[in-house]
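Read the single chain below, which is given as C-alpha cells and is the form predicted alone.
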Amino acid sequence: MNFQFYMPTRVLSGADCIKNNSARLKELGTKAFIMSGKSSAANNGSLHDMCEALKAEGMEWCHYNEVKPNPSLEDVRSAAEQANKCEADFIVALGGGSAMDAAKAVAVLAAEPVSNEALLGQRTFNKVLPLAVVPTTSGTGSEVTPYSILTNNAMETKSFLNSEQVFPKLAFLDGRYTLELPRDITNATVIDALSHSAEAYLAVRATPPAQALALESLRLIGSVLPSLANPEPLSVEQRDTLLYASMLAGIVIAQSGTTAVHAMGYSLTYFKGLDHGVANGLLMTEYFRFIEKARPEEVGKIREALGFASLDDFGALVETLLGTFTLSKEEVTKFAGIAVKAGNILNTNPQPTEEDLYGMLSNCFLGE
C-alpha cells in the first residue's frame, strides 16, 4: 500500500482553547499581525480572546481588519505592506476561508517580496512567517491545508498558492465562534466542507487514510444536514461537530486535492459573484451522477455516509439549503471552456471532457 500523509499543523480544539493554550503563541514570534474581516471577529469574540491571550503572554500585535471576501493578489500585497510597517514576525488569521487564504499569502509576501508568478508557481520560498489561525466558519478547512485560493484578475479566475510552508503552525478550533453565523453562511460553508471530502474521496490522488477521514467527515456532516433545513438555531454541540468535520475535510484535500466541482465553481464565483460553497453545492449532484456512471460503488459510499437513499434526495436537500441559480447558454459554454483548463480536471476520475463539463453545467444552471 503506497501513499504519503503529511499534516504538520498543531490543532487545539475546545472551548477557550486560545486562552488555555496562549503560551503556544510565543513559539511563533514576538509581534502578531492579526488579520480579519471588518467586524465579524470582534462580534464573535475571537478577536477579544486572541488579544487577551497575546496580552497574557506579554506580546504585541497590530490588527488589520480589511480582509475582503475572495481576496485578490492586489489585496494581499496591500496587506503585506501593512504587516511590514507593523514589523510583525508572525501572522494570525481570524475568520473563514478568505481570512485564512489572505493570511497565508501575506505570510509569504511579508517575508519575501516575490512576484505574482512566483507566489502562485513556486512550492518553496526562502522565508515564510509563521501562522496561527482561528476558523470562524465550518467550511474551508484552510486551517490544515497548504493552499491559499486567491482571485487572479489578470486570469479572470481563482489561482492557487500551494506550499507546505504555509501550513499554519497552530489552529484553534472553538465552535462558539460560529454560533452567531447567519444560516445562509452556515449552509454554504457546510456544503463547501462536504464538497471537499466528497471530491477528495473520489480524486485521482485519493489515498486510503484520506478516504477514511473523508467518510468520517461526511458522516458527521450528514448527522447535522437535516437540522440545517429547520429554522431552530444549531446547538453548540452541532457547531462543534461541523467545525470538526470541516477540519477533517481540510486534512483530506491537503492530501488528495479537489476535482471538477472546484474547476467549474471558480467561474461562478468570479463572474457571477456566487458564494464558493453555494457554487460547489449546486454542482455536486450532477458531478455525482457523472462519476457514478463509472464508479457507482464509491458514489454509493458517499451517499450512504451522508444518510441519503438516493442522489435525488440529496439534490433536493441541497436545493432547499442553497436555492437555485441560472446561466445563459453562452455563459455555460464559456465556463466549461475555462474549467477544462484547470488543474483540478486532471485530478478527476473519470476525467471529464469539455463536453462533459458543458453537460454538467447545463443540467445545473441552464434556464428554460
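As the structure is a computational prediction, the values presented were derived from the model and not from experiment. In case it trips you up, residue 1 is the first one in the sequence shown, and so on.
Omitted here: the form predicted together with a small molecule. The next part is about that form.
Partner proximity in the predicted bound form, defined as non-hydrogen atoms within 4.5 angstroms of the small molecule, places exactly one of 217 to 225, 122 to 130, 109 to 117, 190 to 198 at the interface: 190 to 198. The closest non-hydrogen atom of T324 lies beyond 4.5 Å of the small molecule in the predicted bound form. Taking the partner from elsewhere, T333 is found to have every heavy atom lying beyond 4.5 Å of the small molecule in the predicted bound form. At the 4.5 Å threshold, heavy atoms of G265 stay clear of the small molecule in the predicted bound form, well away from it.
For Y147, a non-hydrogen atom is located within 4.5 Å of the small molecule in the predicted bound form, even though that partner is not displayed.
Within 4.5 Å of the small molecule in the predicted bound form, a heavy atom is found for none of N20, K169 and L173. Comment: the small molecule is not present in this chain, but in the predicted bound form one of D89, E74, E180, E298 has a heavy atom within 4.5 Å of it, namely E180. For the options G337, G307, P69, G29, the one in contact with the small molecule in the predicted bound form, meaning a heavy atom within 4.5 Å, is P69.
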